[in-house]
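Single chain ahead, by itself, as structure tokens, in the form predicted on its own.
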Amino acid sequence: MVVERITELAEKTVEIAIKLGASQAQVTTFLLDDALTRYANSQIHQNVASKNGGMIIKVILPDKRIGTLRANTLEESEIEGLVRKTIGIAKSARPDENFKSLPEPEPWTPLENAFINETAACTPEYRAEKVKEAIEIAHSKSSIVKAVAGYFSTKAIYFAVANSLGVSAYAKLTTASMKTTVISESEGSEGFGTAEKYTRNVKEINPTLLAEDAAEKSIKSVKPVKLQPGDYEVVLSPLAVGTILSYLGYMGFSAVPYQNGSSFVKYFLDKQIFDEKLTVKDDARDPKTFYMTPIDGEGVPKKLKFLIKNGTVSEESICYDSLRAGKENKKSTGHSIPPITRWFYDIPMPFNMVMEPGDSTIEEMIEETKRGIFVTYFHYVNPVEPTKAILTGLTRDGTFLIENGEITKPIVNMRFTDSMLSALKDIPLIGKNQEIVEETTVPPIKLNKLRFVGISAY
């Protein structure tokens, strides 16, 4: 088995690091089996697959100098050389007095339902057939549909963690995702619509539903009107809500911004800063989450953690790995990011955020809106002032005016700039259906106010 092999390799590498002079050592081994089918202009233009294996070695010397090395190899013959190189990196570093210790071993339980065999074994032919289905469905909706684009991705992820204190744990999971963007054109005016699906089970992706959703928004988006900037009621799709929640996650709930003073949580401890209906947890063992894992990147068992509880944040909202926890003489909360993507995140973050649902539907939200904006997707979002949770970004791929409880016309994309402390303070309606949007699982929501400051050129 893959996990047995990479676990054995991690343990062996730790042993070598200790023999070569490290006082503590941690090794994470991983294998990412990634396949991707891309399409544009209503045809497949790329089909790729890769196996990306490697290890992340961390050594701590007796004087608390730390070295870390990531190498894309799983060859035993290279281990000793990599460990020596990591120790050399540590010797050139300054001692980190904040370091207390790597995590002690704790009981953990594998999550077998996180790995779906059908996803791991998905073929390029299967993805191509589903892409073909999406393209044909989109074009069948209207003669003004000009092009269909997007991707279909499947992944099998394996990683193991071992350290010199006795930690030895592993995880395996699968992910599948599909995005469909439809472009329509009528009398020189283009309209755009998008739909996405994230799941661990590839069989749960329905290209027809995605294409119908994206095509409908695209067709209705042609000939948009310009709306003056200002404060508007908004109805946000799960795609838009997921973007906001993701930014709140790393701006506010990571120990790094909390300790350097840029987290808004630090200035509003034990205060209700959001609507009392807003509750968000981080729970990697919840079947509704995308990256379902039993352990974090340091082998610490994943546990339920509330980030926002009835609109209130507290010290318990902060996510730690062992290094940042050591700064405050605390224990890791299990939020070291494991190597589940090609990119290595070296800060602790919530990666399995789940917003509690309400009892409403998008249709009811629209009906309850006198004059507002329906937002499908936020694009190019960036923090402006993290201590006040101010974000800026653009709407995209389906933005519509709501008048007297009905969507009446498409509008030119707009830029919002607003504090989420203000925007999420009054949430009259929360949807009852949650959708996975990468590291978040969220329902649609209605906000009484979001500030739009400009009109896009596109």
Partner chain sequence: MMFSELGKFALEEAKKRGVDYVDVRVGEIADEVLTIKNGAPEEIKFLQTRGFGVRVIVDGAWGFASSVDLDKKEAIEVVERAISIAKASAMLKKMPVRLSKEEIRQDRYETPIKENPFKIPMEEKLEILFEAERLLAEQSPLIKASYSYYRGYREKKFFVNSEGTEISQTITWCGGGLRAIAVKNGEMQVRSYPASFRGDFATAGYEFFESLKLVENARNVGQELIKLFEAEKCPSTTTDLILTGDQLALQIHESCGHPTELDRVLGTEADYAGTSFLTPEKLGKFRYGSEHVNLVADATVPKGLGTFGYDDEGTPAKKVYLVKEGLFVGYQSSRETAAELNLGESSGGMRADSPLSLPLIRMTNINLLPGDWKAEEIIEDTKDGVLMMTNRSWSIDDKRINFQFGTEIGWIIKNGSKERMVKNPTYIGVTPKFWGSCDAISKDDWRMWGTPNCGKGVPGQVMYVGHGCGTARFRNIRIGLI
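Computed from a predicted model, the values in this text were never measured in an experiment. Numbering follows the first chain given and starts at 1.
Form predicted in complex with the partner chain: not shown, discussed below.
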{"property": "Heavy atom within 4.5 Å of the partner chain in the predicted bound form - residue from 89, 278, 273, 79", "result": "89"}
{"property": "Listed residue that, although the partner chain is not shown, lies within 4.5 Å of it in the predicted bound form (heavy atoms), from 256, 111, 362, 219", "result": "256"}
{"property": "Heavy atom contact within 4.5 Å of the partner chain in the predicted bound form, the stretch among 167 to 175, 205 to 213, 94 to 102, 289 to 297", "result": "94 to 102"}
{"property": "In the predicted bound form, residue 432 touching the partner chain (heavy atom, 4.5 Å)", "result": "no"}
{"property": "Non-hydrogen atom contact residue 386 with the partner chain in the predicted bound form at 4.5 angstroms", "result": "yes"}
{"property": "Any non-hydrogen atom of residue 124 within 4.5 angstroms of the partner chain in the predicted bound form", "result": "yes"}
{"property": "Interface membership of residue 455, the partner chain in the predicted bound form, 4.5 Å heavy atom rule", "result": "yes"}
{"property": "Members of 200 to 219 lying within 4.5 angstroms of the partner chain, judged by heavy atom, in the predicted bound form", "result": "none"}
